[in-house]
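Shown below, as structure tokens, is a lone chain in the form predicted alone; questions about how it binds or moves come after it.
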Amino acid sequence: MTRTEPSGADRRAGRAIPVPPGQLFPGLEERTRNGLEALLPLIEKTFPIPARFRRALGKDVAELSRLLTSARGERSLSYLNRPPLLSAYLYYFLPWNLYRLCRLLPGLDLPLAPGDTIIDLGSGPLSFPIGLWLCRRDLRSIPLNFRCLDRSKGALEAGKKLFAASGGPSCPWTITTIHCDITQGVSRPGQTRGAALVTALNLYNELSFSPGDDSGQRRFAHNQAAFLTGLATGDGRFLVIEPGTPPSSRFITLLREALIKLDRPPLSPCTHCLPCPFPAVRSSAARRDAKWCHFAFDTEDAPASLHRLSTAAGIPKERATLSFLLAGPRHSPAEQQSRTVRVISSPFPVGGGAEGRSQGRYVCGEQGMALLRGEEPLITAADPGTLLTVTFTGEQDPKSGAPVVTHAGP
């Protein structure tokens, strides 16, 4: 799929805005931003909360956040079957997940054709189909068949209702929800086979176990790689998106390793098929200051109403983070991209520049992590996830030990 700079006609007509090659997390296209802005009122209309419970929404959001992070051991597998927590998820976590998807999906190559099947594992309230509808207008006219699986029947029903309200009666997509335990009932014949795309959004961090059980995680990742491969067609792709935390990054790296062994190499964000170079994922006993593979971007263009709800819950979001992997078969031999790297950090000041204006970014490529250094306007212009061609200077960053590179072109 060739992508070039958007034209004014594209924007005025509401067509999908092409993304420059190699760029991830582009800014929201205007129509996508408008769709996100309209989402919270649509949620409020579709799932109204009585006034006496509305006052507790911020508290319920904070409690669900606690159960999803620091108090994960207290969370039951069917937590979304509890009405206050489901409301908190629909009003807060679903919009933020959709925002992340709308920043990521336009930059991914998803070659879907009419009649293709997408299997969405752990779909919850249909986050992936709704996000895809919001930001990939190029796919809106294509008949697609979604098989959305989750253990929470209430979340699936809520998502189907919300998608019907947002997609409208002319939507050519078919949504089938399957209520099941994903670890047991996902492979029922005739329902979940032969997918062109298999997706899992924030699924594996809920299924994971002790971070210290490295061998158990490795076995789990390899089992899941075989499981995912069994759900897809021979040229199917896999998209796994997780929170941008060290444990999630660790799992995605193990899954990446297992998929490579099954001839399903990484297509994004990785620029190579060699072992992941990040020390934080080589061992579960990583140093506190170790790096891990994740992406962070500011949320200035997120809906103002969502920011207000975040503030009310005491968890304001100035930045969003995620770790992800898009994998699938390569249709031609992988090219050597030894000088191609992907930007993986925000800018930060480093020494050695004229008048103290030198900036740095961490980047990742075939040689591992490197420090991209240069003058401020050039270094800060690249968005997180952008692919760049670099030149190695022969220097080494004294702080991280990474080789120093300079920008050599797009």
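Note that residue numbering begins at 1 and tracks the sequence as displayed. These figures come from a predicted structure and were not determined experimentally.
What follows is about the form predicted together with a small molecule, which we do not show.
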**OP:** Just one of 166-174, 151-159, 248-256, 134-142 has residues with a heavy atom within 4.5 Å of the small molecule in the model of the complex, so point it out.
**Re:** 151-159
Subject >> 4.5 angstroms heavy atom contact with the small molecule in the model of the complex for Leu262 >> reply: no
Subject >> Tyr99, heavy atom within 4.5 angstroms of the small molecule in the model of the complex >> reply: no
**OP:** Look up in the model of the complex whether Ile315 has a non-hydrogen atom within 4.5 angstroms of the small molecule, and give yes or no.
**Re:** no
Original post:
Is there a heavy atom of Leu203 no more than 4.5 Å from a heavy atom of the small molecule in the model of the complex?
Top reply: yes
**OP:** May I ask whether Leu36, Gly58 and Tyr91 all come within 4.5 angstroms of the small molecule in the model of the complex, judged by heavy atoms?
**Re:** no
Original post:
Which pick from Ala296, Leu267, Leu112, Cys180 sits with a heavy atom within 4.5 Å of the small molecule in the model of the complex?
Top reply: Cys180
Subject >> in the model of the complex, the one of Ala226, Leu274, Leu108, Leu207 near the small molecule [non-hydrogen atom within 4.5 angstroms] >> reply: Leu207
